[in-house]
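Only one chain comes next, encoded as structure tokens, the form predicted alone.
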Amino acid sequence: MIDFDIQFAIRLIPLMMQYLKVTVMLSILTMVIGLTIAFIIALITDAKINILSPLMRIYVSFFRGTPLLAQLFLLYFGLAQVFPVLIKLSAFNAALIVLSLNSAAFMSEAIRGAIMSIDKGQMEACLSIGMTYWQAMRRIILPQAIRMAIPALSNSFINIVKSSSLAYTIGVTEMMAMAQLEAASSYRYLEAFVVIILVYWLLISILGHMQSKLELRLNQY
């Protein structure tokens, strides 16, 4: 018979909530920074800028093709041996940097795909009336592309929230770290990880509901 301590599990919930703000803050900052980088990558790639465009493709290939956990360890443990200045980098900032760079690679592809889905005739029409490429992109193409990319970008944010749980591996004290600490100190691994799974499930469900509402509203216009 499974020995599941319900009272212990209930006591864990307030502890998890104390560190929810760390998870949310890390996720929001990652989304903002990652989205900014993603737009830059997508625009450079679409414009086919010499030298920069191939470099952006290598960047995207690297971060999409290697495990996030390995990227975290490379920056926080590996590169710190090569660049001593990184030794002073906090675990939170290291996680933020890696998560931002990683998410930017994925979001840039979503944005680039949205840009490519816009009828090329619109760009040609803009250029024919004297607009520059960047003016046409800013005024005509991007507003449409952003709307089309919203579902994919919303999914990216959900993935960021889930991926932020890996930050505990380099010492960031967030919800997953708290679950691990409580489980290790009490040997109640089942209860701790059931609670953390349910908390993440609830959080992602709320975000998923918000995403559905946003998409429904966008479809009305």
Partner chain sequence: MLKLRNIHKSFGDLKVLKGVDLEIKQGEVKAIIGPSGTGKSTLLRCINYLEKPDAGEIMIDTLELNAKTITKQEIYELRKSTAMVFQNFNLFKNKTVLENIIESLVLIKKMDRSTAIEIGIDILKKVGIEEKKNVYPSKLSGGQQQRVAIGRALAVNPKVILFDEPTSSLDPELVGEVLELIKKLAKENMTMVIVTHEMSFAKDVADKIVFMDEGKILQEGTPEEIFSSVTNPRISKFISRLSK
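Only a predicted model underlies this, so the values are computations on that prediction, with no experimental measurement involved. Positions refer to the first chain, counted from 1.
What follows is about the form predicted in complex with the partner chain, which we do not show.
Counting only non-hydrogen atoms, choose the one of 71 to 79, 105 to 113, 85 to 93, 118 to 126 that falls within 4.5 Å of the partner chain in the model of the complex.
-> Checking each option against the 4.5 Å cut-off leaves 118 to 126.
Check whether I97 has any heavy atom within 4.5 Å of a heavy atom of the partner chain in the model of the complex, and answer yes or no.
-> Residue-level check for I97: no, no contact with the partner chain.
Classify I146 as contacting or not contacting the partner chain in the model of the complex by the rule of any non-hydrogen atom within 4.5 angstroms, answering yes or no.
-> Output for I146 is no: heavy atoms all beyond 4.5 Å of the partner chain.
Looking in the model of the complex, any heavy atom of I140 within 4.5 Å of the partner chain?
-> Residue-level check for I140: yes, a contact with the partner chain.
Report whether the minimum heavy atom distance between I150 and the partner chain in the model of the complex is within 4.5 Å.
-> I150: no contact with the partner chain in the model of the complex.
Along 7 to 44, which positions have a non-hydrogen atom within 4.5 Å of the partner chain in the model of the complex?
-> Nothing in the stretch sits within 4.5 Å of the partner.
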